[in-house]
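Starting off, we have a lone chain in the form predicted alone, written out as structure tokens.
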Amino acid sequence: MNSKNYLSPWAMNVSPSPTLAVDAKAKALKAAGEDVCGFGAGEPDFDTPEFIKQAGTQALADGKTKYAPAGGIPELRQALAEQYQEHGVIAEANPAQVIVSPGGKYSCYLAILATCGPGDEVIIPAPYWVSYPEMVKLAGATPKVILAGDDQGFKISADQIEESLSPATKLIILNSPSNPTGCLYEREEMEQIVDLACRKDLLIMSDEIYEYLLYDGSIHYRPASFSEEAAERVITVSGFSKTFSMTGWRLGTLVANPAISKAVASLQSQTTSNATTFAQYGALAAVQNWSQAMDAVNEMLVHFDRRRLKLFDGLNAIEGVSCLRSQGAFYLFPKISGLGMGSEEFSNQLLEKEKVAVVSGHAFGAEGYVRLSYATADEIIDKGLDRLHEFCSNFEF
């Protein structure tokens, strides 16, 4: 029997995460003794703040090792609901509207799975996070990609979305600050998209996982806070992974209207049951001690900002490479098409010849670019830029 007959249509059509694949390849080379400069992983290189780790440890000591309610421990959901009420995302601090999931990635998937199915189309702006199209396909829906290049600041407009609408369009995905570009939508840009969603009876999934990682005085806007109708239509997804360097804790959050949040909780109850119980107490410590938590974040941001500017200047100093200055997250997305080489070939040769790991823009729906994460040590950035200069100096202009 052909082995593919064992697999479902979903398993046969889904692609593995290219960012995790690049990171795994870089780690394998390092394990083999190679000196690799890794810019692939979207993971802070700092430890989780100590007081959050202590809260998780204390939860273990207190026996918080049993099943939790599917939507999350009540204390955490209540604390998050109060915080989102302060942000204007929900009108009342209703914990039933908040779902805690095992990772922001799973929160995104549940948002899509709860609202989209066969026959539905989902608008995905490109460059996009690599998992969005795959999640849409896993829900049985159809991804509809709209490209916005660096000439648009990597941001699609409401007009572009409206031109792409069909009777099947159900959901628009927004990600601000963005992975992979670090771009940030201005309030007016986002208001126009929200207004379109209201006029055309559409939902929005707003992925705000990088909401606190901002630079140059930039402001993050939450589309659910714009109006009562926006709050009804917007599913806000975030989590603790990036902000508090808690990637391995696997804790994501989702806030939506009561009908959607109830459906998400039901889906989670039948899949993962709940996010890890004792890990949620670490997250609770972060929310209940917000000032202390943000002190730790701001300390990380000092290092991220320095690295951002160093990498930005270094990339733009390479002939044939151009890069926009990111406003959030911890990525840069330089254009390398001026070198006369495709993104995949560039990334593969760069790793093979110079042992520098970047992610091809093709993985993000944007050929001609590559993504570099500056969530890595300064010495890696310095060494990696030297190798990039050496690699690109071999191209003729």
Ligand SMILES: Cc1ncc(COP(=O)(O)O)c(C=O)c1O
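Numbers for residues come from their place in the sequence shown, where the first is 1. In this text the structure is predicted, and so the values were computed from the model without any measurement.
The next section is about a form of this same protein that is not shown, the form predicted together with this ligand.
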property: Check all three, Y132, N175 and R250, heavy atom within 4.5 Å of this ligand in the predicted complex; result: yes
property: 4.5 Å heavy atom contact, P95 to this ligand in the predicted complex; result: no
property: This ligand contact in the predicted complex: K105, any heavy atom under 4.5 Å; result: yes
property: V264, heavy atom within 4.5 angstroms of this ligand in the predicted complex; result: no
property: This ligand contact at N179 in the predicted complex, heavy atom, 4.5 Å; result: yes
property: Contacting member of S241, N274, T115, T142, with respect to this ligand in the predicted complex [4.5 Å, heavy atom]; result: S241
property: The single option of V122, I209, A283, A224 touching this ligand in the predicted complex, heavy atom within 4.5 Å; result: I209
property: Stretch from 201-209, 160-168, 76-84, 315-323 whose residues place a heavy atom within 4.5 Å of this ligand in the predicted complex; result: 201-209
property: Interface residues of 55-87 toward this ligand, as seen in the predicted complex [heavy atoms, 4.5 Å]; result: none
